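Let's start with one chain on its own, the form predicted alone, as structure tokens.
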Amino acid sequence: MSNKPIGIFDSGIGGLTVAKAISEELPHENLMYFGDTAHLPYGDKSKDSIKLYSKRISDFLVGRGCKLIVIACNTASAHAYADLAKRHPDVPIVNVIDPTVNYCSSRFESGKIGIIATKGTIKSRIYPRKIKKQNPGLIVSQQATPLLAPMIEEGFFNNNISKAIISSYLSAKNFKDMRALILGCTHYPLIKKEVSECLSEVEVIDSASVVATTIKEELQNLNLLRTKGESVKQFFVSDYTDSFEKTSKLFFGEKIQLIEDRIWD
């Protein structure tokens, strides 16, 4: 069982930041990634559509023997996690929200926590609800940042354009006196440095690294951790484009070969 892959999925390319973090934390683990490029982005899709897409992709990954499934998308984590946990009771399901909430709730006793994310994640209010439930002493302020994900996908970061957009979002009045800011989209680790430069004495929380640590603990508890051997990585997309394959290097940090599997046909 330990040799079976970890399954990871997202609406497209953003979840590769999570895959990269898992690869660094667990270098011997086999990975199987699915990017639903036919339906990206999930941030502006209906709740029912996101549930439908997530169920089909999880079936794809479980059918190929994945020992654990990671929902590497905040919007899908908000809307589909409960359904997937019921659909696949014998396969551990990890979302990208709960590990980040647990980290914040245990690290900060009081103060303000900020969140930037897609419209879908912000509208769900899942971060404020979960954080306040675990730690009522925390104040949670959130802001939809819809320009960031497409900006990052197009490679516009670490330049004057991205700095202006990020600075504009972070200057919101409700973000004043924050102790920490959650990057609530798996695209956002790529702009963590720029975000940190805009915020003095504010901890910027990268959900990808927090999730990777959680997965390691989960696999250890289940005696499913792979501790030796070369890692085999497979990357699937529901709609292949050359530009997507080139851009994926920005997210994963190395060139990857994408396999098209039109699961919607």
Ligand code: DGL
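The structure displayed is predicted, hence computed values, not measured ones. Don't overthink the numbering: it's just position in the shown sequence, from 1.
Below: the form predicted in complex with this ligand, not depicted.
Contact with this ligand in the predicted complex, judged as any non-hydrogen atom within 4.5 angstroms, is confined among 128-136, 101-109, 156-164, 179-187 to 179-187. The shortest heavy atom separation between A149 and this ligand in the predicted complex is within 4.5 Å. Proximity of Y42 to this ligand in the predicted complex falls within the 4.5 Å heavy atom cutoff. This ligand in the predicted complex comes within 4.5 Å of no heavy atom belonging to Q142. Within 4.5 Å of any heavy atom of this ligand in the predicted complex lies no heavy atom of N95. Applying a 4.5 Å heavy atom cutoff to this ligand in the predicted complex picks out C73, N74, T75 from 71-107, in order along the sequence.
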